[in-house]
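Given next, in structure tokens, is a single chain: the form predicted alone.
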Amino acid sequence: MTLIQLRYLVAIFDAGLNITQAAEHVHATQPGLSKQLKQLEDELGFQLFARKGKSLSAITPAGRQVIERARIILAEARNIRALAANLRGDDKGELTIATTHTQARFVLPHAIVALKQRYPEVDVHLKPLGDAQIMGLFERGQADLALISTTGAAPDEGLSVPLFRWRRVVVVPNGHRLAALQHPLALSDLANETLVSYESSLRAESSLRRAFAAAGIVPRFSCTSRDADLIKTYVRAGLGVGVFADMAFTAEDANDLRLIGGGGLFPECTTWLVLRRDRVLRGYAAALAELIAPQLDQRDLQRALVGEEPEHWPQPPYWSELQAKIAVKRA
């Protein structure tokens, strides 16, 4: 039994028993992966997967037990390599980040550029996903860290560290009737408008939907997307009023879009850094957190992962405040 065989086994399971997809994920050939699986099953003396013809059809009960333990073995092997690299001062490695499209597009670019300048031999892999998929990828061990936002408590999995707070904004094209409002925007002003917002707004538990429900309004969505840039595109096309994260409204957008409010209409959100408690944190991963949110100390992150979590993390600033501080620091 080898670590390679265990890695291939887990990859097959995570790929939904699709050998071709699993082989692509581990950068192996399909015949090579199948050969290693057969050798592992021969050594163990039982099948890990049920077959239907030449295809894998299901995980066997014994196979499920083996995979659970294989994940532990692979995680500890990875931890040993990470610990050794940290002790050697080795700055090479890979960093896989599961996050939303908005965070990937508007929060991470400057931080990752700065990280690459500091650690040029670190390869960064972004996994932009919907809210529901981010933590699934993280829990399966397919991401080193996650960036995810909530309007309430911290995510349940891993070590959650608050980075910053942000608000939703309401945006219309120049010339839209709401752009001429003579009073602060209220939810009632949106009652007869169609909205363009995140696809998460369609979920019953969405904080945006709850805000409308509290005002006795049923929101109507003409279009939804995971991507704030697409939301803005369809607002420009006249499909409705845009509601999205304030960080996604840029100076260039102000040329043809009008921000008319929204700050106090919806619950504020917190963006969290979520780290795996079962994984040794590489120095460059801790550095990324500090580059995004300078109020954090890398040493506090390292201590928290070994059980010395502070009673309170620093109060996360609003995104606009954070950007102002970072701009001053760069200047």
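These numbers come from a predicted model, not from an experiment. We call the rigid core the largest set of C-alpha positions that still match within 1.5 Å between the two forms. The numbering used is simple: start at 1 and walk along the sequence shown.
From this point on, the text means the form predicted in complex with the DNA, which you will not see here.
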Problem set entry | Candidate from 60, 39, 302, 295 lying within 4.5 Å of the DNA in the predicted bound form - any heavy atom | 39
For this session: Would you check, heavy atoms only and a 4.5 Å threshold, whether residue 18 touches the DNA in the predicted bound form?
Result: yes
For this session: Consider residue 4 of the chain shown here, and say whether it contacts the DNA in the predicted bound form, taking contact as heavy atoms within 4.5 Å.
Result: yes
Problem set entry | is_contact(residue 270, the DNA) in the predicted bound form, heavy atom dist at most 4.5 Å | no
For this session: Indicate whether residue 67 is a 4.5 Å heavy atom neighbour of the DNA in the predicted bound form.
Result: no
Exercise. Residues in which of 26 to 34, 302 to 310, 262 to 270, 275 to 283 have heavy atoms within 4.5 Å of the DNA in the predicted bound form?
Worked result: 26 to 34
Exercise. Once you line up the core, how about residue 277: does its CA shift reach 2 Å between the shown form and the other one?
Worked result: no
Exercise. Any chance the CA of residue 304 moves 2 angstroms or more between the shown form and the other one, core superposed?
Worked result: no
